[in-house]
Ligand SMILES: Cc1cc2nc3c(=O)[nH]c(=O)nc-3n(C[C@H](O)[C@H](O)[C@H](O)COP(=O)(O)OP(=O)(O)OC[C@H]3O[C@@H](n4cnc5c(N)ncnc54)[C@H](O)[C@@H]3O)c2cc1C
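Have a look below at one chain only, the form predicted on its own, in structure tokens format.
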């Protein structure tokens, strides 16, 4: 029998690492402070409508990683799903990402692709040669009108600060397309688990060498005297926030039900800063293979994460870099623990990347020769 392993967090990182080590003969104890598994991708049936609800907001699986796609399909049947996002701006509805339809509708044109490309190029602010901020990146590539309509207000609400204070790299994830493709993602494999993410994670955790303890808080003094800890909680939380708190955004959800089809799509963004919420999600549209008369919707409000809140998005502004560096140094001076996942490495990670990195971490651990020193604090370093 292998060494005793403790894993903090029963989300994707903890479940995948736990299963891989359990298969290799290790005894794995997984603890989670919440009363359920699957972390922020937790799903459950709504008792009133029967709709499968993404309790902490929608999670759409998309990847080009064939191994990860095959891995999740071992534990769930993934049904076809394409994320087609709409946005309300100035009392009109448009498609996102900004594409040829969006451009023609917004400007009242009938451009062909080459014409639209040249038109938007003219709109771009060519005086900005090397964009440093989100705003500069947008103005350089799409111009002021599209920036004001689709990016400025939404970004201010989502991040709680001016786009002038955000790095240009954030906007690189939001492409402009000069065709009519309105698929939000461009990955080869896209889908939704037929019976929800929580059921998928439950199947991953279903192994006799795995013990799961929910509603259980972890402190670093709880680490086993021998063995190893894989920690997917907040990096600063592991050290009791002794150096200060890393900045996160969190989400508040205003749930409401509707008899019928409320908005005709899964995700409707609201780009105007005068609308206090960032988007409305209608959850039955995330399972288009199901039929439900009723509907469950969430209005999403983004705000700064307070100590009692669930952290969602690491902000990673310039002011956080030194504090993050100090925590990374602290972690690398600590033996017997490896930090994993979105919170443990203070990075925004899509689900497929989370699973890929969890597989990498487990395989690295199993590949070490007997007598090798402890695992590094980070296989995927935050900085």
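Since we're looking at a predicted model, the values are computed, not measured. Residue numbers count along the first chain shown, from 1.
There is another form of this protein, the form predicted together with the named molecule, and it is not shown here; the text below is about that form.
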Could you tell me if residue 38 has a non-hydrogen atom within 4.5 Å of the named molecule in the model of the complex?
-> yes
Hey, in the model of the complex, does residue 29 get a heavy atom within 4.5 angstroms of the named molecule?
-> no
Check whether residue 338 has any heavy atom within 4.5 Å of a heavy atom of the named molecule in the model of the complex, and answer yes or no.
-> no
is_contact(residue 316, the named molecule) in the model of the complex, heavy atom dist at most 4.5 Å | no
Would you say all of 8, 342 and 349 touch the named molecule in the model of the complex, counting a heavy atom within 4.5 Å as a touch?
-> yes
Based on heavy atom distances of at most 4.5 Å to the named molecule in the model of the complex, which listed stretch, 261-269, 225-233, 115-123, 102-110, is the contact stretch?
-> 225-233
Heavy atom within 4.5 Å of the named molecule in the model of the complex - residue from 94, 218, 71, 141 | 218
